[in-house]
Structure formats: structure tokens, C-alpha cells
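As a starting point, one isolated chain is supplied in C-alpha cells, in the form predicted on its own.
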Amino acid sequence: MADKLNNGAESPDGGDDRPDFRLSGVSKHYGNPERPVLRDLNLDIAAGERLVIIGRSGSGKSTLLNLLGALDRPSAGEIRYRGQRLDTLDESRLAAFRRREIGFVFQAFNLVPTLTVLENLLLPAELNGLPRRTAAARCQRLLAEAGLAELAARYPDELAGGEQQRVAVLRAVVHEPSVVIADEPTGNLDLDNARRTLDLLQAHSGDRGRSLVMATHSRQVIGRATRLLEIRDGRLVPAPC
């Protein structure tokens, strides 16, 4: 496993006392009657960390990522981002937080089919107020660095799956978020394309001080973790290497 592994459910004392995320007593319930999915989670995520979450299907991995990305709210407990509570923000402020601070990567790519590759990358940059000329230059640079410059004018359905996922990674980081959240980012990829996608995620996350949180079943993804945790019976526990 890459770098130094900390198997605890919280970051060690003595580090930055303002982690990117701090979850305190977080639980999430669904349904009527309510079914607990996550139970009383306590977790710090440090800036620049590559945290990987594992667990069986339905264990709550995606639920945890949705809470971190402010796509959902906890049923109980507090979620703080750099000291600011997220669980009490109204929807407009949560949307602004997601737009600026979070980059999302999904298993299903989720590129806009009617936009070219370049236009897909331009969308989050311009939503964050970057002038179009500056945004276009940044997008072209990212595509070139990833070896995808020749795809700029193509549409998603003209790309192979691995190409689509690498474009999705670039779209997630083009606005320079503080945190990248990836839900099964290699789930639809073969081994070679999975490696290329993980290389790109790593290059644009922990190596630049940007936190990366991934949920996965893949041993390739697990191998990139600086910390590995498992969701078991709704709780976070240290995972075996």
C-alpha cells in the first residue's frame, strides 16, 4: 500500500487540527420504518490524504461519499469541512460548496453526451466563474498533459471507456477543487485503463495536496491508499492490508 498507512478511523493527533473533513457521530437512516445504513461515524480526513473505503455491496460506501460531497444530509451528527458545518447549510450554500470545493468521479462516467470533450471540461470551470479564454487554456493544458489532446473535439460516444473515464477525471479537477470523491472509478475498466485512470487521479489529488476519497472493490484502487477503512455493519473499522 502506497505511503504510510494509518488504519485508525480518525487521523492521528499532532497533525493539522483543521482537517478537510471531520465527521462526528454521523448516522444515516433510510426508509419507513427507518433502516440504519451508517451508525455513529467519527472520521477525520486530512488534506492531501488518499482515503479508500471498502465494504460489501450495500454496506453504505456510496452513502458516505454522498454525505462528504454534500449530495445528502446525515440523519444525525455533524459534518464539518475545514471547521464549517455542512449539515446545517441551506441548499443554495451546499450547491455552492459542491461546485467549488468538490470534484466528483463516477463509475458510469456521466459525461454530457451532447457536449464535446472540451465542452465537458469547460462546463465546471465556467460555472466557477473562470473566464472562457482562461478556462479553455486550462482545459487544453490538462488534456495535453493526460495525452488526450486529440480528443478535444470528439463527443463521449466516440470515445472508448477508458478515455471517457480519464476525461471524467479531468472534468472533476479542472476547477481545482480541494477534494476529489470517486465512487468505483475503475469499476467499468480493464486493468490497463484502470491503472491509467488511477495514475491520473493520483497526479491530480494527493500529489498536489488535494484530498482523494474513493469507494471501491478493486485491489488496484486499494493499492493507492494512504489509509484504508471498511464499512462493516454500518460502522467504520480498520481494514486489513
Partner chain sequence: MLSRRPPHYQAWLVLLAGLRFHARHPAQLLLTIAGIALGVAAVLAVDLASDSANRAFAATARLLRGQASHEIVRPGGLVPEAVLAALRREQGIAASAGVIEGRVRLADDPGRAYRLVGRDPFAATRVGARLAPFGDAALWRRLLATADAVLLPAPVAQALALNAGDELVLADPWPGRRLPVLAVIDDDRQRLIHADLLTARELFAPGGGFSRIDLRIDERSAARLRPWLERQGLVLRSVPERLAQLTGMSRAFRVNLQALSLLTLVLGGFLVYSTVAFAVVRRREIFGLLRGLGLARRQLQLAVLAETAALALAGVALGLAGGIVLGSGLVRLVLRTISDLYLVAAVNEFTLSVAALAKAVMLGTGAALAAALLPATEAALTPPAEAMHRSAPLRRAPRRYRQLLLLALVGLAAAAALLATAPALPFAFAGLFLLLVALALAVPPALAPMLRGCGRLLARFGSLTGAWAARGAAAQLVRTGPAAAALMLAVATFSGIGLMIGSFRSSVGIWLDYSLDADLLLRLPAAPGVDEQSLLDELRELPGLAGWRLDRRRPLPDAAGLGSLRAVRSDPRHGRWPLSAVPRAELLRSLAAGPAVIVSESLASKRGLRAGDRLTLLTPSGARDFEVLAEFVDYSSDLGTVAMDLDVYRRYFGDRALDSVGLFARPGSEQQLARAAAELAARHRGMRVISTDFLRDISLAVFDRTFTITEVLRLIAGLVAVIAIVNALQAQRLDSARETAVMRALGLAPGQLLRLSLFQSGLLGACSGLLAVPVGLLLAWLLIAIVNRLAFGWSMGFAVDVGLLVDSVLLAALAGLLAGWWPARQALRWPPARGLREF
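In this text the structure is predicted, and so the values were computed from the model without any measurement. Residue numbers count along the first chain shown, from 1.
Omitted here: the form predicted in complex with its partner chain. The next part is about that form.
- Between its partner chain and the residues 108, 144, 160, 137, the one pair within 4.5 Å by heavy atoms in the model of the complex involves 108.
- At a distance threshold of 4.5 angstroms between non-hydrogen atoms, residue 150 is out of contact with its partner chain in the model of the complex.
- Using a 4.5 Å cutoff between non-hydrogen atoms, residue 131 does not count as a contact of its partner chain in the model of the complex.
- Residue contact check for residue 119: one or more of its heavy atoms lie within 4.5 Å of its partner chain in the model of the complex.
- Residue contact with its partner chain in the model of the complex: residue 99 places a heavy atom within 4.5 Å of it.
- Contacts between 34-68 and its partner chain, taken as any heavy atom within 4.5 Å in the model of the complex, involve only 66.
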